[in-house]
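Below, in structure tokens: the form predicted alone, a single chain.
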């Protein structure tokens, strides 16, 4: 019999011992902080369903970006709330768009942050879908050129990484082709390769003002019941030129993160989405759980599942808690 020769509790007796043998070491170096850019000046409006998260004008984005940098968080991802919307999301490709101006302002401020930009149409279309509508449906191929031009406009403004989140077939290839044609071959693509049609996106849709005006997104986002399909989506995006891939949401799809990590030798990201954030915040505000302990446990679990990169609204708090 192994007992008492083997006593795993020996290595749990103190914090020093636990730290010494810890298998997963969470740090701020793998976190990305999402930010919402809106028109105007000196605008900082808290999102009611996401305490601590704001819609902000470019000047305020720069100030919060300074804070993000000071905390040791390596990068941000920008989402835009445009001044006007139309059926094709034309404002998303404008050099004077909110995201493009935010990128330029961050560059002018000499911040050493990686700037990632969300590439999608849902925030920019008057119907709230992630693509162009034709005959009452989201038209896959007609959407690709708009997405590619949006990514190109972000690259021209100074983005480091573009992150298509629309889930149109072929969009990574279309974006890679246009970027390369215009001498932006060094701009990386972080593909939302396995983005599920999830109930956890509700607060984001308030923050980004992107609720669909009819129907839903199940015809292009993935069925939550499918796992093998996620591997197919990742493989296709890598074949088209994606440099990194993302699983979204994170917590209900830890098994998908692990399967992607085991199957592919590329950086794997996970998006700890708005609904996951809002649930923790609501429970903490009601005194039902210890926010710090739960947030760090969640992020550790996502990393343990195989995520190298975690997009999370908890990034600033986590970075403060993780400081030695």
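Positions refer to the first chain, counted from 1. This one's a predicted model, so the numbers in the text were calculated from it and none came from an experiment.
Omitted here: the form predicted in complex with a small molecule. The next part is about that form.
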query = Contact between residue 242 and the small molecule in the model of the complex at 4.5 Å, heavy atoms?
reply = no
task = May I ask you to state whether residue 123 is within 4.5 Å of the small molecule in the model of the complex, using heavy atom distances?
result = yes
query = Counting only non-hydrogen atoms and a 4.5 angstroms cut-off, does residue 273 reach the small molecule in the model of the complex?
reply = yes
ask   = Is residue 88 close enough to touch the small molecule in the model of the complex, meaning at least one heavy atom pair within 4.5 Å?
value = no
task = Please pick, from 217, 101, 127, 176, the one residue with any non-hydrogen atom lying within 4.5 angstroms of the small molecule in the model of the complex.
result = 217
remark   = Contact with the small molecule in the model of the complex, heavy atom within 4.5 Å, among 140, 209, 149, 221 goes to 221
request  = Go through 232 to 240, 89 to 97, 178 to 186, 191 to 199 and give me the stretch that gets within 4.5 Å of the small molecule in the model of the complex, heavy atoms only.
outcome  = 191 to 199
